[in-house]
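For reference, the chain that follows is the form predicted alone, supplied as structure tokens.
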Amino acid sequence: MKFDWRFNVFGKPWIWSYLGAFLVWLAAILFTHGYGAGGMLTAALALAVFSVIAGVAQMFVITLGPGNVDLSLPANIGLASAVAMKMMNGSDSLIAVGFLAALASGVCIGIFNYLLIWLLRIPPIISTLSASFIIQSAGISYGRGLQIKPPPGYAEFTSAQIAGIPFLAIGTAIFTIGIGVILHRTIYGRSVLAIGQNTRAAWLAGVSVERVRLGTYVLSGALGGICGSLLAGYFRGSSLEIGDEYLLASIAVVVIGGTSVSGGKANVPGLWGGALFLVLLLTMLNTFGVSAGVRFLVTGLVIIGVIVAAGGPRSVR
């Protein structure tokens, strides 16, 4: 096998997300005359973790092909945060129970999403949107507006650092390496890519299309559950709205990271670049002291511009 080690930045448009993140960070520290530069990176890494986890979930679903997107992810995250905190009940001895309960909640949501798509033949974008309203209703009934604090040990774990690097960031980096191996070196990962490129051809080649779809939506649901549990620990409490920002953010991170919205092409390393870019962009706007309305406007315009520039060529079908 012959390897080409030449670095072609134009052939890897997701690399621009890392460059964009660096330029945004540079602009912020120039404005503050270098004050808090290291702390800004540490905070960005800590917050980027949650966008990366949600991005991995969304990436697998989007890679299945046009129309596949998990719009129930924010509601899933919110419900999982409530389930985790309620099961942990502030006790360190119940951390594993609460975490597994949040994971199980996400898995059930993933199965529910797939059943809506498969049994009722509802398009994925409609079924997951409909499911989100059902999940939100269940969350309101379950959580009843209570904000339960996480166990001290769990809160400490989610905010722990090693040499200024968040422990969760290290763990998530290892996790994304494993995801890259799964995507490109396993039958399941290659099946997801094949289905996204051409569903009929994948089926004729012997790929169990429906089984892979089920596994993908379950994976997305499970990662949403994990994300909700970790967010509740990091922000010191559960909230049904804790996942709201991860709907568009997860999609933007995926596309900025080099995954094709038309399916069949995914990129794991780019998720970190997209997540860091978005987090540092918001940090820079906050540093400049702009109003919330201006932050939303600038963020939206920049995301659109970066998606157009970094999205790469459209897949040819």
Partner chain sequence: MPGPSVNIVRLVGVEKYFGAVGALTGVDFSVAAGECVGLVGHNGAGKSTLMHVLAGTLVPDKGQIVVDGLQRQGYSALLAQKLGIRCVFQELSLCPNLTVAENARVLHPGIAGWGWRKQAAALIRKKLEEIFPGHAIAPDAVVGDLSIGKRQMIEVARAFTTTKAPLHLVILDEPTSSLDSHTAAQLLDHVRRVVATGASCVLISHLLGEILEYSDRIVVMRDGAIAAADRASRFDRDKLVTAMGGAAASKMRSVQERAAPRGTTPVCVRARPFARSDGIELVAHRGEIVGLAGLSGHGQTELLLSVFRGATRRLPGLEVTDPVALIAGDRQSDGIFPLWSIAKNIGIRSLGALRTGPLISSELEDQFAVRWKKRVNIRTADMHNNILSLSGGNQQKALFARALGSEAKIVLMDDPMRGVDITTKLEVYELIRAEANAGRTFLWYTTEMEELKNCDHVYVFRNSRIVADLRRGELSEERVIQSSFQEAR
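What you see is a predicted model; the values in this text were computed from it and never measured. Positions refer to the first chain, counted from 1.
Although not depicted, the form predicted together with its partner chain is the subject of the following passage.
For the marked spot (Ile187, Ala194 and Val207), a heavy atom within 4.5 Å of its partner chain in the model of the complex is present in each of the three residues. Contact with its partner chain in the model of the complex, judged as any non-hydrogen atom within 4.5 angstroms, is confined among 102-110, 167-175, 198-206, 124-132 to 198-206.
Shown alone here, Ala160 lies farther than 4.5 Å from its partner chain in the model of the complex, counting heavy atoms only. Within 4.5 Å of some heavy atom of its partner chain in the model of the complex lies at least one heavy atom of Gly263. Residue contact check for Ile140: none of its heavy atoms lie within 4.5 Å of its partner chain in the model of the complex. Taking the partner from elsewhere, Val181 is found to have a heavy atom lying within 4.5 Å of its partner chain in the model of the complex.
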